[in-house]
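The chain that follows stands alone, in the form predicted alone, written as structure tokens.
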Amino acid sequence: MSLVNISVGPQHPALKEPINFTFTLDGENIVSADARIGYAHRGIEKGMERGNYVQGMFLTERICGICSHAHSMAYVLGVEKLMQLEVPKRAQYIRALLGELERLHSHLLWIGVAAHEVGFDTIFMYSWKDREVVMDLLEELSGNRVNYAVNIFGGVKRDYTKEQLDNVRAKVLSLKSRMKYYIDMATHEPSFIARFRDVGMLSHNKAIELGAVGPTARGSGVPVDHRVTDTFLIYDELKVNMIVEEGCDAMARYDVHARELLEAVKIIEQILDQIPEGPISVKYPRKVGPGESITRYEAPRGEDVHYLMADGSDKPFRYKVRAPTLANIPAVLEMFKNSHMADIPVIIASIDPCISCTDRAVLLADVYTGKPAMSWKELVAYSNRYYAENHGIKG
């Protein structure tokens, strides 16, 4: 057996964002894979410590352009937990409405990208045309197509008339037949099936062992969806069906995304049917009492985890974000094993990756000696000195 190592990324036609994969190949077969991130690290967590809580809202919304509302929600819910705020019911319904519209936007985008990776550009154009309808709705409701800036502590900035909500219903329902077509394609289009079925296998047990989240986990039969398993916003007042597939391959992950489009439409209909009258916000304090909060929010790609440590000032003492793609990187490395080199773009695309919201700082080696510029022990000592000198906290 003659093994060859090849590098894909950080710049590569199959990658929409910078990440590096190193593959060990035996001919065309992938023996093992490794990933390196850190090419788009933006320092958001450190930035959160330097601005006040209101300024932090703008940063969290920009963690990910496609999931801006999801990250904003995770931040707001964590802060409101420490503020002990009771958010008005109407505001919670509006938040959930925007969340499900964002899910439609994200999944339609992903279906187009997945089809593009196998040369099926007709579906790419169809799904992105439908996505424009959703983005126009989001712009009408928020004033923005990407970062919606609707959330505030204690509620939302904008209320909507009956005519606006009726317009949402009409436009979303107009997409229903198109969404059914995307589902039918997965079972009837031979060229599409040939490129997705039995590609990027991730067994049920491996998905659990590696901590996969979102559609990646649900495509391997793992029933994890915080809209169903947790109580947040008003999802416990709605009927939400968790979409789970047992195929464990790229096709199963496609099926989850496609079927979740229809499920999101059903949820939006329920929200519009049940949304109550009333206020959309309550007053909130400028400072947050000392404490910690961990918030999990079901973003389109899976579980967003936001950790907040507050020290009683007007700024977060520590903020930590774990985006869904970071959780799914070990899973995608497992999918590469025993796959073919030609399947690399499909496998990467099948987890719906977002690298910019995943990226973390990396520790580089000394270019002359090859040794780490700072050992783990030295990094811990540096961190302890920094917090002791700047915040009076001893590690």
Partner chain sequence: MTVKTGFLSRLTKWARLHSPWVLHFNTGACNGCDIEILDALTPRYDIERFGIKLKATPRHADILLCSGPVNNQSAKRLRRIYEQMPSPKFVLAIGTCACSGGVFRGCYNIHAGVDTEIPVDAYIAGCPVKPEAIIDAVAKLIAKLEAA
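Positions refer to the first chain, counted from 1. What you are looking at is a predicted structure, and each value in this text was computed from that prediction instead of being measured.
The discussion below concerns the form predicted in complex with its partner chain, not included here.
In the predicted complex, none of the heavy atoms of Met341 sits within 4.5 Å of a heavy atom of its partner chain. The shortest heavy atom separation between Gly65 and its partner chain in the predicted complex is within 4.5 Å. Its partner chain in the predicted complex comes within 4.5 Å of a heavy atom belonging to Cys354.
In the predicted complex, its partner chain stays beyond 4.5 Å of every heavy atom belonging to Leu272. Checked against its partner chain in the predicted complex, the candidates Asp314, Asp166, Asp198, Glu139 yield a single residue with a heavy atom inside 4.5 Å, and that residue is Glu139. Checked against its partner chain in the predicted complex, the candidates Gly43, Gly51, Gly27, Pro330 yield a single residue with a heavy atom inside 4.5 Å, and that residue is Gly43. Look at 127-135, 218-226, 316-324, 74-82: in the predicted complex, residues with non-hydrogen atoms within 4.5 angstroms of its partner chain sit in 127-135.
Residue Leu109 is the only one in 74-110 with at least one heavy atom within 4.5 Å of its partner chain in the predicted complex.
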